[in-house]
Structures are given as structure tokens and as C-alpha cells.
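A lone chain, given as C-alpha cells: the form predicted on its own.
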């Protein structure tokens, strides 16, 4: 993520988590006005890395308690409301889930009236099951005020060695900004991808014009075994019924980790610590820094010392390279 020169554009971040979106927008030249995150330990992690930012955590970071008028004039509002109401892991209760914060996010958008906004969530948000809810809580309330782009992005299209797809809704108040926006183009190609993860059309560029996205083993510097692939989606268990240091999200995930000869349970806080606990089958044991690599975090990003909390932050975050390319596309739309 080559750091771009300042754009003069400002950004307000809600549900900021560990800062995945914020890292990308910062690198694309945006200046953060403030970041809000209700979990104090998670907000503290962002403050640790960006002490000069205005980061609000705990009650101060509760987006349901804020008066947003002070941020009138912000260029872009970004946020990933909790995905549990829409994800399979969260049992997809939608609007009946108390964690559904999309209406709250829309209220903030209406109060601030940013020139543009970004809403990120799991792809299931766009499924037919939630169409009525999304229409009632976002599309209709913002109709006439914002022009919307709705699409999904795969992290591996941007060099992140992980099978991770996310939905984005991008709104612009200006029709000209909306018309100038184009969905971020892939920066990498995937020769070993499954059919549902193939690189999309490259806008007339030859198929070999882009660099190949690394597989999980290559990105971690592991020896060749005659097989490599994208890592499964990194699971975050921080908000689940129990703390966990496993990043396995299901049987298919476990099968892929096994094919990669990587042990995804009992993830250790450090690489050195992971080596002290050999796995039963001799596979490579993951550490927090390894998971950060697979999520696309900068190498110097610091995480809490508790492994479960660090993994929760990583697994809940938007992959920074995805955010970076999205931010660049929004910057271009502003002209």
C-alpha cells in the first residue's frame, strides 16, 4: 500500500474495530476526524498504533449515544456495522438481532450528511432474505439524498492470501461523484483459485499483466509441499459465546488448513512461542503475526498481548489492502 500524498479529504470512522478500513483510507491520503468503537480493548489497540488520532472507546465509542452534528462537512463516513445479524455464524436473525446497527449507521449518515459513505458487511447482507430489511432501513431512507453503488470484493483480488469476500454499499451525494466512481480493479490474479474466486475481467488487460496473488504458504515463507492455496477466511471468535484461539470457521475451512499443512488451533501470541508447542501432526502452528499477514495488515502493526483479542481484531477487520484500493477509487471520484 504505497502511501499517497494528502488528498485534503476527511474521514469519520464508525464501528472502526481494529482499524482495517482506517489503515487503507489513511494510506490513500485521507485524514481521520475521529474513530468510534464500543469495545474499549479494541479501541485501545487502534490508539496504540495511532496515538494522534481521536479514538473513542467504551461508552464514548457507542455510536447510539453520539450527537453527530459536530462532524457536518466530513467528506467520507466509513463503517462496518456488526455482521452477526447477517452472517451464518451469527444465525442470520437480521432485524430481530439486537446487534443490527444498520439503522443506527443510517441515522448517523443523515445527521452528518457526508459527501460520501462506505458501508461494509458480509455478502449475505445482499441476499434475498434481507432485501426487504435493507430496502426499509437504508435504500428508502437515503433515497433522493444519495446515489448508491452496491458490489462485493474479494480480498485476494488485491493480493491478500485469503478467501474473503465482503459486500460494500457506497453512497455519493453528488451525481457527478457517483458517475466518476468505478469499482476497484483487481491488482492480482489467482491461477489456483476455485471457480467462485476467479479474477474478474481485467478491463482489456492481458491475463498475465497482473502479479499472482501468493498462496498462504508462500506468504508465510513456508517450504514448498507441492500445494498452495488461499487461506480460508480467518475466523473471529471475540464476540462469540467463548473466547477462542482457533481461526477455523467450519469443516471446509478445516479441510483447507489440512491441505495447507497448517495448524489453525491454539494460535500463539508470537512466532517464537508457536515453535515451542509442536503440533500433533507436525504441521506449522499459526501465530498472531501470521494471521495478520494473511489478513493484509502492515508488518509494523501492533496487537494486544492476549492472543484471543488480537485474533478477534484481525478476524473482524476489513483487509487493509481492500480498504486502500476502495479509498483510492473514492478519491478518484472526488476528482
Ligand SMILES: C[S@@+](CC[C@H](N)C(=O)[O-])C[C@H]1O[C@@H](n2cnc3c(N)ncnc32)[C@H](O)[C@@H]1O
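If you're wondering where the values come from, they're calculated on a predicted model, not measured in any experiment. Numbering follows the first chain given and starts at 1.
Another form exists, predicted in complex with this ligand; not displayed. Remarks below refer to it.
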>> in the model of the complex, does residue 321 come within 4.5 Å of this ligand, counting heavy atoms only?
In response: no
> Does the 4.5 Å heavy atom contact test between residue 80 and this ligand in the model of the complex come out positive?
Replying inline: yes
>> I'd like to know whether residue 16 contacts this ligand in the model of the complex, with contact meaning heavy atoms within 4.5 angstroms.
In response: yes
>> Considering non-hydrogen atoms and a 4.5 Å limit, does this ligand approach residue 154 in the model of the complex?
In response: no
> So which of 64, 279, 305, 270 reaches within 4.5 angstroms of this ligand in the model of the complex, heavy atom to heavy atom?
Replying inline: 64
> Though this ligand is not shown, can you say which of 38, 34, 27, 309 has a heavy atom within 4.5 Å of it in the model of the complex?
Replying inline: 38
>> Is it the case in the model of the complex that 101, 120 and 316 each bring at least one heavy atom within 4.5 Å of this ligand?
In response: yes
